[in-house]
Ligand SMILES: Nc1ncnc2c1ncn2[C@@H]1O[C@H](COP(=O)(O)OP(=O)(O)OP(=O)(O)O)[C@@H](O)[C@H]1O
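One chain comes next, on its own, written out as structure tokens in the form predicted alone.
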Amino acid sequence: MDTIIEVEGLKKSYKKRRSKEFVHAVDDVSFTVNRGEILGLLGPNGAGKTTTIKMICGLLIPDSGSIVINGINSRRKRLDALRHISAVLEGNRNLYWRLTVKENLDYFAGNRGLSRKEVRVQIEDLLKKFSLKEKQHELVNRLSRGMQQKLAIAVAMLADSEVILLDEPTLGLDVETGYEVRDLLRSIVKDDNRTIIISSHDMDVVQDLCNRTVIIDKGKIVTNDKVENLLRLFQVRAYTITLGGLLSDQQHQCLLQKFPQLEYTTDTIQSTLEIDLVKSEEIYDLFDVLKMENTFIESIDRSTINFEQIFMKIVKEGAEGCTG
């Protein structure tokens, strides 16, 4: 598959205030972005995700490593490389609030060296595509959050850049507008041949839109895989087991030692185990513990899992790997 962005060995450190100690915000991060895909760039707060985004957008200079955008090294030819990427930052900082919708589009077109005549047709198309035609003479500060977000994406489209980076594209939107923005992003990839990088804490958006995810934690990549592969992997590992009785204290302790992620709930009639199996043969260890007290198994089912659960599992397992 054709690669449009290559990030290789990226590092960035900051000196702590009033200290000689350095914090490694990004520590040897490498990944690629394929042309025409929607990539999720994820990570918990303080993981190094925002620093990585700012380096890709040219807002920060890496201490070491390289970023190649559409074959151009951004450290050697920064402006040439950045012409191929547009960013929509969280908080609608891409817009002038005291200008109207159309004035914003006209202004940013001129800011990129394009005349009104050159972009007149494109602006009209964008106003229609993003359902902003009726609001074209409205001041941005009077628009709803959803309208502002759609305008910010439309402004990014003006540059005709191959890659659009979106930071929290659905944050603060109502459900209906959130789905509308998702549909717009799909059409941008399909109809306009763009590539999209999404940074979001909304795991439903990631699961719904992204082909692949790169998850960063503690400055390092902890996973880089297709969303469907991760869903399939964790679906196989997650089980719900319904028991016909209660576990003894000894059984409970044995299971917790073997399966630290175990969740055990009980009521007056039955009890339930929520368990992840790293290896399929571990099911026999579970059976051995239940056999200790002849605990009856009523059912074993694969658990339904969503991407938010996967994200939390990956980050937690990555953290345990770092400390172990």
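Heads up: residue numbers just count along the shown sequence, starting at 1. Treat the numbers as computed from the prediction; the structure is a model and nothing was measured.
The following text describes the form predicted in complex with the named molecule, which does not appear among the structures shown.
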Of these, 42-50, 61-69, 285-293, 256-264, which stretch puts a heavy atom within 4.5 angstroms of the named molecule in the model of the complex?
42-50
Ok, Asp208, Glu162, Asp106, Glu90: which has a heavy atom sitting within 4.5 Å of the named molecule in the model of the complex?
Glu90
From the list His201, Arg78, Lys226, Lys133, which entry has a heavy atom within 4.5 Å of the named molecule in the model of the complex?
His201
Decide whether Met312 counts as a contact residue for the named molecule in the model of the complex under a heavy atom distance cut-off of 4.5 Å.
no
Within a 4.5 Å heavy atom cut-off, is Leu10 in contact with the named molecule in the model of the complex?
no
Taking any heavy atom pair closer than or equal to 4.5 Å as contact, tell me whether Ile300 reaches the named molecule in the model of the complex.
no
Given a 4.5 Å distance limit between heavy atoms, list every residue of 24-39 close to the named molecule in the model of the complex, or none if there are none.
Ala25
